[in-house]
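A lone chain, given as structure tokens: the form predicted alone.
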Amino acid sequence: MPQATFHFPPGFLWGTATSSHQVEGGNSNNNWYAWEQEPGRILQGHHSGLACDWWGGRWRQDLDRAAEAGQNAHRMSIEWSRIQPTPDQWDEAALDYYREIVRGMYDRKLTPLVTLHHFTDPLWLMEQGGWENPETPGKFARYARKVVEALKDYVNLWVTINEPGIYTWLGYIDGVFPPGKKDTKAAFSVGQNLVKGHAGAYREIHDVQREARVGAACHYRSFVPQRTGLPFDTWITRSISANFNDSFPNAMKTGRFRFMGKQAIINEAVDTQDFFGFNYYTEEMIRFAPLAVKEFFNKREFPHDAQISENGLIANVPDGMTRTIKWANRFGKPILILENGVEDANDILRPRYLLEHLHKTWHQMNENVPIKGYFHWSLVDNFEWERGWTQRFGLWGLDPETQVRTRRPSVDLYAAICKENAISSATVEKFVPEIFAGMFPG
């Protein structure tokens, strides 16, 4: 068999990602906790409960596992409702605890990358109208400043907002995220305010910490026309992608927020990213469907030859990673892959998915695309929003009742890549021999 190694550059960040509500447990003062109490909102009636019990201290053991597996970075998020439990109160003890966590990363030689908003909002903020309220961007910027002042000794990589497009789309168009609205006018207002919130936070962070590197986490769903010879399929694909993928990153570059046929000029958002962060999971084929009014005149399906995840939610389409990286590179910034992974409780598809997506990433880096890091979703199984505990993304499995972690084979695969800072033919042969010939031809 041929022997070769695909090397990544020195200093490349290898990490995993988590978010506060999904791993901490005991978050009872935010909109997602309230959402979980409403019947029918979460699949199978699941609750986050203790989640992964990070607020109870299990972050220490989980981060030990990450460090022992050769990771050199970790992406986490801060729970706004802990830092500011009421409009006129800052919880210094919560800030101290987050400082302990990021110091714990520092001590384990894990570079912290901290997200300030990952889908959850304080209950008091929602009572004031949430992100529909034009005053919310200013409130978010003040919260961001408070966090950065507390954590700046250990953190200089910041994500302002995770997936503003998903937050807007699922909360205000599809209605499966809180507040459960289906209102395009409200969605447009929320979108504008998220862009303004990002821009305000960007400036506050740099005012406190000049050397900070700040970006957002933009979700990218790769869409391709199902029938390339039909102009209407091409047209609807471009339209869906423009609204779903492009609205927020374009606004953060140019100050023009275009969404659902409307436009707003937000000059303060111009060039407010020091790096370009994206989350990529899968690709879909789009066809024009003139009668599908509620679906915005399109029907979607996965590529017919793709392997599908256990619950049918993700297709393994490595070429979609290539398309995503090329899209991200248009914004002219260093790139961080902030989330990428697959739900797979039995760890059957994950090894192949992981290797094939990293192989495509390596190819793009060899085309001089400035990719600086990769964060796998996720370190350990966690509460997956409206799908509860039915999706298992972790390298480590979790029983949420007992808090017992189970080491999946992909832990060792990812560890081999992280420790070597490379994908070697020996690693591929050991973990996913069926793709060896495709990755190492000849």
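Given the structure is predicted, the values throughout are model-derived calculations rather than measurements. Residue numbers here begin at 1 and follow the sequence given.
The protein also exists as the form predicted in complex with a small molecule; that form is not presented, and the subsequent description refers to it.
Stretch 115-123 is the answer when you ask which of 251-259, 228-236, 345-353, 115-123 has residues with heavy atoms within 4.5 Å of the small molecule in the predicted complex. Out of the listed residues 54, 374, 385, 414, 385 is the one that sits within 4.5 Å of the small molecule in the predicted complex by at least one heavy atom. With the partner removed from view, the residue among 281, 172, 131, 276 that has a non-hydrogen atom within 4.5 Å of the small molecule in the predicted complex turns out to be 281.
For residue 246, no non-hydrogen atom is located within 4.5 Å of the small molecule in the predicted complex, even though that partner is not displayed. The shortest heavy atom separation between residue 79 and the small molecule in the predicted complex exceeds 4.5 Å. Although the partner is absent here, residue 339 lies within 4.5 Å of the small molecule in the predicted complex, judged by heavy atoms.
In the predicted complex, the small molecule lies within 4.5 Å of some heavy atom of residue 162.
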